[in-house]
Ligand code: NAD
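One chain comes next, on its own, written as structure tokens: the form predicted alone.
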Amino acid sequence: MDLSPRARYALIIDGQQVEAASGETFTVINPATNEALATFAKGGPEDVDRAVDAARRAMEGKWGRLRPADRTRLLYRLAAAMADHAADLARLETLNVGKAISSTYAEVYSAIEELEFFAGLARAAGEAFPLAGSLQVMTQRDPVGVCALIVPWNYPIMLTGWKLAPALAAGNAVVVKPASATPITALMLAELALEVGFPPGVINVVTGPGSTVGDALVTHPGVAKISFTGETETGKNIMRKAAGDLKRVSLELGGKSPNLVFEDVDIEATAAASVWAIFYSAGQSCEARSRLFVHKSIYDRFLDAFVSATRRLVVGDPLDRNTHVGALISPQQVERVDGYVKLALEEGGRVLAGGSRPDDAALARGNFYLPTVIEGLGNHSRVCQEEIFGPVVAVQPFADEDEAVRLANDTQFGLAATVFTRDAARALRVARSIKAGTVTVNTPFTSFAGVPFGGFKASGFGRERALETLHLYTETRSVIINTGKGPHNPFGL
């Protein structure tokens, strides 16, 4: 299959590339240059109707009749096809998202691992156990129905994989709605799936605005479940609209994640790990550890090491393997980030690194912003409470463990947190005390196939990447069987 960049992309509905019913299109830019990248069909409610109908027919037809073992094989085939095309997929993702290609390679393989993990779970369809006396119970898990998978712009291929894998393993058919800014790789995954043998209609992709395509999916009577990753207010709006016909909803939303550094750490090594925790993906990550709390006894030394490591990051051409930090998604996102930096100064903060666009003329056309370190802000400042979604970290000292935990939890969000300490008992105490869906100790990595990923509080509910994710895509039926020699006679008649 040829995955070279194309000038024009269509919708994928019922196994076919089709134009939008309206005939409208929209253009997507390359964030590193702000030049046009490609034109896409601009879907609307009529296209959503076609896609949902195709998905329902697939579940009523060949896809619905496949054995779980057959779904396993197809998921493995799709994972293998992605691996065969990993270089092309990473390049397409970099051109579309603007992030460093070293990052997009990792994200392609994260999607592959997800498909492989859930391929092995496709047969996890229920259990059996004795109840009491002659009663035996069997539980059966049926696919919930057509699933709408709404994917954000910051991790398009990875999060499409994270959502596709459990939905398909459970036997559902899907309609994928990629972010309007980053639709390419969702379309490519659907094409690869058709090539390896997925029946038409199992994976449909409708590109277009959230205000039309997303809204039509959320309110469509033929959609049984919505899996959404994105901004918290949008998630709340989806919940309200999905309540009309009691759709199942999973929401992975925003974050303002803390990073706690205690006094017993290796300062240089911890500074390097902490730099990755915020500046990976140019800070455009829901679990970016954007609030950095450091014990006051090592604060100055750690901050020197952290700022020095930040300044060594390479901001540049996203296709260069030596680049650490690529472009932000859009000029509007650059303005948003810069606005928060200016706000930090108004709130009494001091910029210790970054705080502006790079002065490299070669980057002037793109949406680049220097990794930025700010100190001197209180935890109740807007910069420390609101999700910036860019390469900006606020650093604050703390006096003891209790204060560190209090500061970490002093936010509406609860997606992730990281703790650095050599004291194992303290690490466990702090991890238990932080209100977040994932707490990592002495590592900046937050997500692995098989490990539940999701948030507390305003960071949403439901989990990705684990066995419980599969359950969110199924309905459970309990079958209670009397194995005695005759029916029960409760009245004694």
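The first residue of the shown sequence is 1; numbering continues from there. Remember, it's a predicted structure, so these values are computed and weren't measured experimentally.
One more form of this protein exists, namely the form predicted in complex with ligand NAD; it is left out here, but the text below deals with it.
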- Message: Just to be sure I understand the contacts: of Ala111, Ala148, Cys286, Val294, which is the one whose heavy atoms reach within 4.5 angstroms of ligand NAD in the predicted complex?
- Response: Cys286
- Query: Ok, Thr229, Asn259, Thr411, Ser281: which has a heavy atom sitting within 4.5 Å of ligand NAD in the predicted complex?
  - Reply: Thr229
- Heavy atoms within 4.5 Å of ligand NAD in the predicted complex: which of the stretches 154 to 162, 370 to 378, 350 to 358, 402 to 410 has them? 154 to 162
- Query: Is Phe453 one of the residues lying within 4.5 Å of ligand NAD in the predicted complex, judged by heavy atom distances?
  - Reply: yes
- Item | Contact flag, Glu252 vs ligand NAD in the predicted complex, heavy atom cut 4.5 Å | yes
- Message: Test of understanding: in the predicted complex, would Glu93 fall inside 4.5 Å of ligand NAD by heavy atoms?
- Response: no
- Item | ligand NAD contact at Gly316 in the predicted complex, heavy atom, 4.5 Å | no
- Item | Heavy atom contacts to ligand NAD in the predicted complex at 4.5 Å, residues of 384 to 401 in sequence order | Glu387, Phe389
